[in-house]
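What follows is one chain in structure tokens, specifically the form predicted alone.
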Amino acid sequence: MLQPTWLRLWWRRSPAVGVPAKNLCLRKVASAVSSRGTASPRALNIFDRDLKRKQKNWAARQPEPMKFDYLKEEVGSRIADRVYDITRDFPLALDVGCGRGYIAQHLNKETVGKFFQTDIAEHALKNTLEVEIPTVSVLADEEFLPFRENTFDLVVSSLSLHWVNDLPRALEQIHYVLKPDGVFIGAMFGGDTLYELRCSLQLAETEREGGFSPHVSPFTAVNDLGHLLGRAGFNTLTVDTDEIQVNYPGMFELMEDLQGMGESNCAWNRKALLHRDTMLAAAAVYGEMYRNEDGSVPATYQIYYMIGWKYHDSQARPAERGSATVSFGELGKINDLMSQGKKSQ
């Protein structure tokens, strides 16, 4: 269970040794950032991407941005662990939606040779954390990656893809820039994220204003994620879910931290203003329904982790249909055959 500011983590990989900030390079690619309020023609325009860019820039400019980094650092470390689980090195890697570099700080130069970090927020790139891996920062939109086909051995992404309007396109872009036999490892928020806050706001707004509007952004369902990865061209897929629960003094502290993370709602259909009475009622409902014994309130973050590989001839493939030499029906007799063999001995 995580505690904001006074963090208690179940486990944590020790951070990499730092290098001087002057060794980091910032390269802006204006053409890689979508124009204001635009999305690909086939996409549903759910999120205001220009507002999300402003929210992330505002969060990165705060005097103590690391105060709100606890969740993204934890998920970044868990993605790094999945990278270490693959017994190979990656000469060239890409982080899509890197923020302040929450994955790179947990990797070492023996595993990753060079690391490209992309984000839509220029101030996040300017304030990236110091790491030992040579890095290049690129201002780019997740849906419009400015890289050639078959460029990277590894692509990672942590808590960024839930804000894209066209997730299938973003996954196709990632698959496009991967080399054959390259791997994509990502994490994004799942549908049960902040269900306590969502329920409290809905109940309070219904009671005070006679109806409710969405205040927590929509998320992808886990059963759709594998299909989207497969449609993008990935194979040997792995999708799993996890939950991280963080305790806060109250609902308002939770909302302050969400703003500090750059995770405020940016859906086009969001309500611009909540009345003071509604907010106070929501805080009371939150405490009444979910309060812990110590007086704090929990917030649940559901995380989807995904791994997908780009096809290569060297990869293991399933046998052709009908090529089996033993039927499943005969497997039920294996115990009898083994016992007979022991008796004959």
Partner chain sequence: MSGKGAVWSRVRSRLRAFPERLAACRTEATAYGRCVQASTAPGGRLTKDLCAQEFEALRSCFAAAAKKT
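Positions refer to the first chain, counted from 1. Here the structure is a predicted model, which is why all the values come from computation and not from measurement.
Omitted here: the form predicted in complex with its partner chain. The next part is about that form.
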- Task: Heavy atom within 4.5 Å of its partner chain in the model of the complex: which of 259, 220, 111, 127 fits that? Just give me the one.
- Result: 259
- Task: Taking 4.5 Å between heavy atoms as the contact cutoff, choose which of 86, 244, 228, 203 touches its partner chain in the model of the complex.
- Result: 203
- Item | Any non-hydrogen atom of residue 44 within 4.5 angstroms of its partner chain in the model of the complex | no
- Task: Verify the contact flag for residue 208: yes if a non-hydrogen atom of it lies within 4.5 Å of a non-hydrogen atom of its partner chain in the model of the complex, no if not.
- Result: yes
- Give a yes/no on whether residue 277 approaches its partner chain to within 4.5 Å in the model of the complex, heavy atoms considered. yes
- May I ask you to state whether residue 289 is within 4.5 Å of its partner chain in the model of the complex, using heavy atom distances? yes
- Establish, in the model of the complex, whether 58, 252 and 285 all lie within 4.5 Å of its partner chain, using non-hydrogen atoms for the distance. yes
- Message: Using a 4.5 Å heavy atom cutoff, which residues in 74-100 contact its partner chain in the model of the complex? It's fine if the answer is none.
- Response: none
